[in-house]
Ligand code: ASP
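Presented as structure tokens, the chain that follows is alone, the form predicted on its own.
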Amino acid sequence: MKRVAMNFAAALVVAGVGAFAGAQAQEYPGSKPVQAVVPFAAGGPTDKVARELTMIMSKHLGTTIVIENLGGAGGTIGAKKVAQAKNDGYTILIHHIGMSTAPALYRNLGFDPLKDFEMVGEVADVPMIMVGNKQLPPANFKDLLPYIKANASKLSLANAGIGSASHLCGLLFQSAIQTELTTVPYKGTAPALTDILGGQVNLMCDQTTNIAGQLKAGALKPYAAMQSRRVEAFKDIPTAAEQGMPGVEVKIWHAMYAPKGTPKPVIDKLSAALQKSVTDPTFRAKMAELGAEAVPAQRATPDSLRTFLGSEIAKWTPVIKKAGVYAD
């Protein structure tokens, strides 16, 4: 009889906890602000996307979303903080493609992108464009490829550091053309751009959010958009596929996550607000200004992100392992 009573009491406690959690989820977010961790420095491309998003999403979620920039170790420090944060919906992560490349780049990562987070949804894609300094002789991508083959030992390929978007794009490009160039890693995009503009390095593949200004000013020689269709903001730049290299596609996608165990009703509210935000005309216009593209609403969902993240991990792991480059 005592055991039955104890079991009944335990059941009441569990039911009470469940009811409390359900009530919290129903009240979410209330007036409490949500902290969005951006695992990179303020002013960078991911930060730009996140700030535009959170301004719009605050309205649709019904509370303020405050950004915390927590850079370092290719975005893994900020991601790990969110993985270990309280799973109440008041801490979220806005990260880029690094969530799919970190498992291969870091041998002691400390978290599993697929297992230690709840997916909220995708946010925006930032296209990559292969550019060269103005002194490079090839006029287009079709001419660039044989030029690279003939001068590989003399040519340099800049990037913003190991694990950066430009580094990943460069790895995939070299793998596709089966030619290794002298890779020059920098501590960020700014010094890399300075040197390519000055002619100290020859080539770089980078995000439109970083090089849009230089492209519009004609300060860089654009060779190819590294995606299957032309970039909306730079329709005059042909794709690599159009110029004889199909299948080379690199986009820097951004997505939103919450700590594992965040209640489903809370995830549903976050995802619903995200879907409204990515289709908001103001957000879409802001992304277009950056040369980026907001995703359609059907991609701003947990299921879509889970599937996509898995496919991206499968895509990048062999490329990184073949290169034998690690960030730790």
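Note that residue numbering begins at 1 and tracks the sequence as displayed. Quantities reported herein were computed from a predicted structural model and do not represent experimental measurements. Only the largest set of C-alpha atoms that superpose within 1.5 Å between the two forms is called the rigid core.
The form predicted in complex with aspartic acid exists for this protein as well; it is not shown, and the discussion that follows is about that form.
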{"query": "Contact flag, residue 45 vs aspartic acid in the model of the complex, heavy atom cut 4.5 Å", "finding": "yes"}
{"query": "Residue contact check: residue 139 to aspartic acid in the model of the complex, 4.5 Å heavy atom", "finding": "no"}
{"query": "Residue 256, heavy atom within 4.5 angstroms of aspartic acid in the model of the complex", "finding": "no"}
{"query": "Contact test in the model of the complex: residue 40 vs aspartic acid, heavy atoms, 4.5 Å", "finding": "yes"}
{"query": "Region of this chain that lies against aspartic acid in the model of the complex, out of 189-197, 111-119, 85-93, 219-227 [heavy atom, 4.5 Å]", "finding": "189-197"}
{"query": "Heavy atom within 4.5 Å of aspartic acid in the model of the complex - residue from 160, 203, 145, 171", "finding": "160"}
{"query": "The unique member of 165, 131, 123, 79 whose heavy atoms fall within 4.5 Å of aspartic acid in the model of the complex", "finding": "165"}
{"query": "Threshold 2 Å Cα movement between the shown form and the other one at residue 187, rigid core reference", "finding": "yes"}
{"query": "Threshold 2 Å Cα movement between the shown form and the other one for residue 160, core superposed", "finding": "yes"}
{"query": "Closer or farther in the model of the complex, the Cα atoms of residue 187 and residue 70, when the shift from this form is 3 Å or more", "finding": "closer"}
